[in-house]
Every structure is written in structure tokens, then in C-alpha cells.
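Given next, in C-alpha cells, is a single chain: the form predicted on its own.
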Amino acid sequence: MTSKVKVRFPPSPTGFLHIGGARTALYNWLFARHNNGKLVLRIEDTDRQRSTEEATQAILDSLTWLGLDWDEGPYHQSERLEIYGEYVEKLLKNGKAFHVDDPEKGRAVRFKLTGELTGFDDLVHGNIRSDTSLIEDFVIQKADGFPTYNFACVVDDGVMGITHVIRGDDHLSNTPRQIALYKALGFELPKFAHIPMILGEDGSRMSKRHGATSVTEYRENGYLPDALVNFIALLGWSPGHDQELLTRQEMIEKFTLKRVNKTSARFDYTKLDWMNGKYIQDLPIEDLISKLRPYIKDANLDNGVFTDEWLFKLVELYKERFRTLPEFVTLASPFFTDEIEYEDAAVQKHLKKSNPSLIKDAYKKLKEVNDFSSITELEDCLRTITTEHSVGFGKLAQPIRVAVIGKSASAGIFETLELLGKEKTLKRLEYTINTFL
């Protein structure tokens, strides 16, 4: 391919950018970057009733957050009515379009189909044949002077010199009409690549009932843009090997339409969470903390007591344990608050059935530890207790963990006690002794 490659992403600003649209934008972006071509951003806002400025901004924000930049635009179709009008007049003059009058809607313009057999070679599905004799003449300009979708996108593709149209296969039914328009207007036909749809985990078309559908929701739910881009890239495309974690540069280098699947992809939330967790682990701690702070604040845990050094240690301790940013808040909340909730199952298993003397001894000996910031001192203290009671370390560590965190899973017990500090640790051990033993 040469630098002549030019693709477009044309969202309709009638709502948020959904995952299917984000994948289409990504594939166009990857194709353009792989071929040293250009990506045009075109806002198809000719639906005056449904298009909004808020939706337009949300789409632009989502693309920017995902890191998908564009080389031209954004163009707004609502600002290009004069151009469409010129091409409508051209078709009217050469007899390829005609006026129709509707008593209620006013005067519109229809395109006259010739009924020829129209076929095209799709870069994903192969040769596709369609008989335009089965399609009626269709409106290209509404009574209000605005163009219809099929007409506006063809004019723009032709005027802007679009070489490849990469879009969802829900547009396959539009393609015969558009090809007829390209030919009637004298434009060179672009090459088409129709991408299969994304399905929910149950195999049905992805919708709200499957979970979040817009990029905005994934952003708010604590997913990282690089992880989401990596994930949706693999929803219908393969780099040709089993590698699943790819940098953007690797995706650009490997992306070809030949490796886009013909069959629909299923959205796998478990895989997305796993992938997001991997990207979280690879983030420098400082960057991760800056992304976590808004969630800490939203959970009312930002009490101004903890230091940057303390937060650094806590995030470093837990970074391999959470898969989304809000999950950190759930796991680490016992470190920020004075009062904690105790999981009943953990209490029943590890406190009710524990040896009370072990926990009481731990409370007594931990009270004598001078330096709670010393992992060595904390470890020596607890291991002395297990030696004196002739029990395995787990017999002491698990009850203490539940006593100070409220649940049976946490990071290492010594690091946990260090970050909690002496006051919180002793207070919770005392509460446990008085309440559960």
C-alpha cells in the first residue's frame, strides 16, 4: 500500500460511542497507520431530531481518551449542505434523480435506480452480489433540504477521496444503493470491508443487558484506554499468533484486513478484566496512583490523613490484586477507614473456630512492638507466638487477617499490619476478642 490510502470514521452523534463503533474507529485507525495513510473524522449529523452537540462532544472525548487521533476533520455534514445540493442538482439535470411531492412532508428528491446487477468484492466477505431490481428508487434529499444518509456519505467519500470503507456489516444492505450512487456521480468506487458484529457472551446481539456498551461507561468503570483498545482489537481480528497483549505499535505493524474474521466475535468480560489487570500491573506506581485518586475521593476515603509514601506502599502491595480501578477501593478500603465490615463466612471459618488464646496472645505481644514500620519486628513477633503454641503459621495469620481486615483474603499479613499501623491493628484485635471470641 502507498500513502494514498484514506479511510474515514463517520459516527452519528445521536448517543455515546459504543463498543462496536469504537472497534470500527480502531480498525480504520490501524489500517491508516499501517499503510501510512490518513484517517478522516466525519460527524454525520444530518438527523436533526436525534443529533446533539453533547453526543458529538462525548464521541470526540471517547476517541481522544482511547488515543485514536485523526488526520482530517472533524467535518460536520450539517455544515456541508451546499455541497450535497450541488450533487443533487447534477443528478436532476442528467435525469438520474427526480422530484416527488408529498402533501404533508413537502418536495423531496429521489434517485432513479437502473435495476442492474451490482456486485462488489468485499475485503472481508469476498464477492457479494445484489440485484438492485429488488430495491426501489430512494430519497436522497428530504423536503427540509437535508440529504439522506446514503447520499451524504457517498458524496463525502467521493469528494474526500476515500479509498477504503471499513465499517460494520450492518451496512451491507446499504452498499448496493451506495455503489449505484458512486457510479451515477462519477466517483471512483472505494474498496469495502464489512466487519462482523460484536455479540454478547450469550451469543445474542450485544446490548445493555450484557453490561456496559459505551466507551464512556468503560472509562467510568475503571478500565484503562490501552487495555480497552487491545481488547477490542482482538474482537474480530487476529495478529496471526497466540499473543494477546499487544502494544499499539505492534498492532499497527501487524494489522491487515486479511486477518479480520468473517464471523461475529463474542464479548468476554472475564478476558477484558484479566487484560485490564495486566495493564494495571505494568503501569508505573505514580501513574496508577493518579488514576486511582478520583475513585478514592469518590468513595469518601480521601481523609487527608495518609501520606503519599503510605499510599505508594499500599498501591504497590495491591497492584496485582485488582483488575479495575474501583476494585482497588473495594479491596483497600479497610486501610483508609476506622470502622470495617466483617464478612460473616470469614468470621465463622477463621474466628469462631480459632484458638482464642492465639489471638489474645497476638494482641498482647503486638502491643509491645515498638516499630510497626519494621516488617522484621512484626514477623519475629508473630512467629514467636506460633512457636510457643506449636502451631503452623496459617493458624495465626488467617484469624489475624480477618480480625484486622474483615475478610479472609488480603496481601501479606506483615505488610498489612505495617500499613494499618499499630493503633488500627490493636483496636481491631481488641474488637475481635470482645465480639467474636
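The first residue of the sequence shown is number 1, and the count goes up from there. All of these numbers come straight from a predicted model, not from anything done at the bench.
There is another form of this protein, the form predicted together with a small molecule, and it is not shown here; the text below is about that form.
Across the options 244-252, 216-224, 306-314, 147-155, residues that bring heavy atoms within 4.5 Å of the small molecule in the model of the complex belong to 147-155. The small molecule is not shown here, and in the model of the complex it never comes within 4.5 Å of any heavy atom of Lys319. In the model of the complex, at least one heavy atom of Ser12 sits within 4.5 Å of the small molecule. When the small molecule is considered in the model of the complex, Arg177 lies well away from it, no heavy atom lying within 4.5 Å. Taking the partner from the other structure, the small molecule in the model of the complex has no heavy atom within 4.5 Å of any heavy atom of His350.
Contact check for His34, Asp71 and His164: none of the three has a heavy atom within 4.5 Å of the small molecule in the model of the complex. Listed residues His171, Lys96, His125, Lys142 were compared with the small molecule in the model of the complex; His171 is the one with a heavy atom within 4.5 Å.
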